[in-house]
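Starting off, we have a lone chain in the form predicted on its own, written out as structure tokens.
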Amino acid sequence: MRVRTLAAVLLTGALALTACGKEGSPTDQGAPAGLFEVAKDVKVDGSPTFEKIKARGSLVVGVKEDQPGLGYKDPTTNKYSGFDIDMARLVSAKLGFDPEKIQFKTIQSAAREQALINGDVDYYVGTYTINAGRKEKVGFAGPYFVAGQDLLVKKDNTDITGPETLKGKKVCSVTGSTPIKKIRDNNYTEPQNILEFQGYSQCVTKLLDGEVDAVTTDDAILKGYAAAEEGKLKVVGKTFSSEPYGIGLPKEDKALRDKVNDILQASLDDGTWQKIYDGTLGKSGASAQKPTIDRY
């Protein structure tokens, strides 16, 4: 069996993204220079999280590191890039903190709520679907993007065209994610055919090696991998869920949640959101429908 590492998969993808006609790569994606001007004299009255950030002088932000176009960490430079990363930088700048000084912490899906509850991160930006169960534990600003669950298969696969064709097929996704729960709850395939890992890159490796038949998660994530492995993988069928991505925050900090919602709304209104999208996720072919902020 071929041994493939995350670095090999995504470094190969850096070349493939350009080859397939999409400008840029996981390592050169980003919003235009000067977009994240640091605001001055920012106040968020009643926010204990903001007070903690002020005392520290910089932000600690939870992210993903293996999702091309969204949250990707270059293994050679250790720099982060992608749509989620730039949204995190935007929020930092609008809160009055230099986005270049953010300490990014890679937090896997299953550990996101606990990281926020423990105060390990100030907020989390990493394909984090807003749902009722999670809102019992943490708060959400947004959504800042709406994706939909889909399937990634090998380029020559003709058997899988949607979730209804998964019976008897091995399907891989990430522990703690909403997509794997949907596959299991709807009995799309047998329990013994469901594989779970901590990162999507591990599932993609299994798919490339022929050990699973499909990887399932949000279409925005899958299109990034398909672009990074041009000619080897494809996204099939139509989306079969709605995945509103939110910025995870401490549950009781409504003041900060309202402030971040204000920041997101302003970015949608003044074109900043579109510029961030065009410089990152848009290069993978993901849809660009603007979300509607859901305040609560």
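All of these numbers come straight from a predicted model, not from anything done at the bench. Residue numbers run from 1 along the displayed sequence.
One more form of this protein exists, namely the form predicted in complex with a small molecule; it is left out here, but the text below deals with it.
- Only one listed stretch (89-97, 158-166, 201-209, 176-184) carries heavy atoms within 4.5 Å of the small molecule in the predicted complex, and that stretch is 176-184.
- Taking the partner from the other structure, the small molecule in the predicted complex has no heavy atom within 4.5 Å of any heavy atom of R257.
- By the criterion of a heavy atom within 4.5 Å, R134 is counted among the residues contacting the small molecule in the predicted complex.
- By the criterion of a heavy atom within 4.5 Å, R112 is counted among the residues contacting the small molecule in the predicted complex.
- Looking at T129, you'd find a heavy atom of it within 4.5 angstroms of the small molecule in the predicted complex.
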